[in-house]
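In the block that follows, a single chain appears as structure tokens, in the form predicted on its own.
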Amino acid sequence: MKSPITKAILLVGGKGTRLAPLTNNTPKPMLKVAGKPVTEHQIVKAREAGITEIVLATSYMAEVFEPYFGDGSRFGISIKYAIEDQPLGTGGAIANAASQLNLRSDESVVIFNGDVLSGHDLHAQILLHHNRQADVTLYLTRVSDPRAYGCVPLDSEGRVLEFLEKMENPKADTINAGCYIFNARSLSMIPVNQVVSVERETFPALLAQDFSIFGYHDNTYWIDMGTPQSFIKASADLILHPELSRATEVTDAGYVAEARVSIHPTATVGGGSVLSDGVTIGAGARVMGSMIGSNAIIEDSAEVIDCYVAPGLKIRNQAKYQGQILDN
């Protein structure tokens, strides 16, 4: 079935301060996960769900996106760019990017947070929004401990009842998972050229004005890549479960290797590792579930498990690291 929604906005303006040192020289949305930038995985997901036109809402290091993605033809989708001179928050970024889409009054737009990866069925979310004639439809997922998130309780028909901030005793275990669909009417309620939080301001305001807001429940894979540890895990997950993203081609060996990688025949590499350009893995070394930066060297008999190794770093003979961020 042809998708009833063909336009999208991807929020990629974040700096990613919590992801340092990974973001010291690269904006968060351009960090590689499973060998490809986060943004590329999301663009491919949008395209597979029937989106044909997407606007990247950029701010921090905005200049790095267009040289990589261009007009989108390489990815089978039309890409435009909306640049914020000053960060406008999630709501302000959406309003700024929407001006590039020329939405008709009967159209809706999909909006992605730039730091979330999910296996959710975007096409099903689009169909729910369309069939319910909703003003807004949010992708929601369940978490075991919702105290760290704002929760979103629903009624028996799937309508959103409240948007609740973090609390010690949450009313529900369903949380906002970072993919929204707005129709043109609800989108027009976001002030232009103002700093606005869509989570804290726009959603509660729309609910107070009786806009029709539905939740789309999907409890498949979801991860918020807010920390280096979760970023490493997301990368390994996409390699070990390639059905989560069609952006990466994964070998049967269970890892991704870029150009000029040298792996000694007696070394063990797997667990969803990524070996960037020019990496060397020595004799008897073991690298599992790790992100190894360009030109890094893992010397003989060293062991690196679930780690990030900075570009150019040398891990000495027989050294053992697990769950660490190894920087220069």
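We number the residues from 1 along the sequence you see. Just so we're clear, the structure is a prediction, and the values are computed from it rather than from any experiment.
Absent from the display: the form predicted in complex with ligand GTP. The rest refers to it.
For the options 113, 245, 176, 125, the one in contact with ligand GTP in the predicted bound form, meaning a heavy atom within 4.5 Å, is 113. Judged by heavy atoms within 4.5 Å of ligand GTP in the predicted bound form, the contact stretch among the candidates 299 to 307, 273 to 281, 256 to 264, 51 to 59 is 51 to 59. In the predicted bound form, at least one heavy atom of residue 93 sits within 4.5 Å of a heavy atom of ligand GTP. Proximity of residue 204 to ligand GTP in the predicted bound form: non-hydrogen atoms within 4.5 Å are absent; the residue sits far from the partner. Contact check for residue 11: a heavy atom falls within 4.5 Å of ligand GTP in the predicted bound form. Ligand GTP is not shown here, and in the predicted bound form it never comes within 4.5 Å of any heavy atom of residue 218. In the predicted bound form, ligand GTP lies within 4.5 angstroms of at least one heavy atom of each of the following residues of 68 to 105: 84, 87, 88, 89, 90, 93, in sequence order.
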